[in-house]
Ligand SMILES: NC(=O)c1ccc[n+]([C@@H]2O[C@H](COP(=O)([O-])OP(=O)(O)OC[C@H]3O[C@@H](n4cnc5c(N)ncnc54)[C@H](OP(=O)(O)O)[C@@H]3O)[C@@H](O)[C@H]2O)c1
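Below, in structure tokens: the form predicted on its own, a single chain.
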Amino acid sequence: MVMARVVVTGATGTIGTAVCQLLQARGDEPVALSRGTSAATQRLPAGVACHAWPRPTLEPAPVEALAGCDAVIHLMGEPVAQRWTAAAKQRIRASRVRSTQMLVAALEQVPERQRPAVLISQSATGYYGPRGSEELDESAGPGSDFLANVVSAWEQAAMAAASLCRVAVPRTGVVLSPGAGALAKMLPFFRAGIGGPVAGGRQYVPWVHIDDVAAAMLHCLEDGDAHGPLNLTAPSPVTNAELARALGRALHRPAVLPVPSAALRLLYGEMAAIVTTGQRAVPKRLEQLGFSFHHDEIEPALRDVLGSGT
């Protein structure tokens, strides 16, 4: 896809910003859908056009923004890393499922000749639920916990657009980025020398470098065989203990102080389960499609994200 016009929802988030930057770098035209255009304009790279979608869980996306675009990358979603109160659970689900339903409703209103050819709708490895050391490719079935149920409904909402355009649902893992996400929460403790494995450290972490996330999203735009679920995780998942040791080495700090699961449950409640359990997800479909991960080993990836060289 050359000189494409690509609508991006959730464009001001960590992944959205990286996707917009990469689209611009290769000469494409990213168009952001955001609740407020003024804040989005300030946070996004210069030259990214913004359209308002003030109530994404209540009303369809603006048809005029979608008409004539080549593709849509849908990244919108309430942060999962928060205490899961009843209200938070409702926001987490609605921000993913309802916003996707409202996006598909808008796509249905776009005249066929002006309709985008592909929808890339973000999903997550949380689809699989806690699975221990079982290796999980895209053929594995869903879990049964809260997050797995949300992700399953999220994917179903996206696949409802399959009669309108090609649909791919990349199941992202734990995205390594210095300014947000799990790594940003871990860094203060590890830099202070008080980091270490969580809840025994045997649970797998389906990590992936932010640059590979953005590159894989664009690969899915271009590859006509990219459809349905695709695990967007590095080829070499590691245990939490291996991640802790690699991060300690990258920061030249000790990483031996264990964090008990009881402490996490006290701090985060039910949400602690996504830290104390995990998924050993592997990117079988992406590798079959010829996508090459630039960052496929955990310690060099961490050093790159942290700017500490190789």
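Position 1 is the first residue in the sequence shown; the rest follow in order. All values derive from a computational prediction rather than experimental measurement.
Separately, the form predicted in complex with the ligand exists; it is not shown, and the next lines address it.
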Location of the ligand contact in the predicted complex, chosen stretch of 104 to 112, 76 to 84, 129 to 137, 223 to 231 [non-hydrogen atom, 4.5 Å] | 76 to 84
Is the ligand close enough to Gly196, Ala246 and Val282 in the predicted complex that each of the three has a heavy atom within 4.5 Å of it?
-> no
Just one of Leu23, Leu302, Leu286, Ile15 has a heavy atom within 4.5 Å of the ligand in the predicted complex. Which one?
-> Ile15
Contacting member of Val205, Ala71, Ala158, Ala124, with respect to the ligand in the predicted complex [4.5 Å, heavy atom] = Ala124
Is there any non-hydrogen atom of Ser152 lying within 4.5 Å of the ligand in the predicted complex?
-> no
Look up in the predicted complex whether His209 has a non-hydrogen atom within 4.5 angstroms of the ligand, and give yes or no.
-> no
So, in the predicted complex, is Thr172 in contact with the ligand at a 4.5 angstroms heavy atom limit?
-> yes
Classify Arg253 as contacting or not contacting the ligand in the predicted complex by the rule of any non-hydrogen atom within 4.5 angstroms, answering yes or no.
-> no
Of the residues spanning 291 to 305, the ones with some heavy atom within 4.5 Å of the ligand in the predicted complex are none
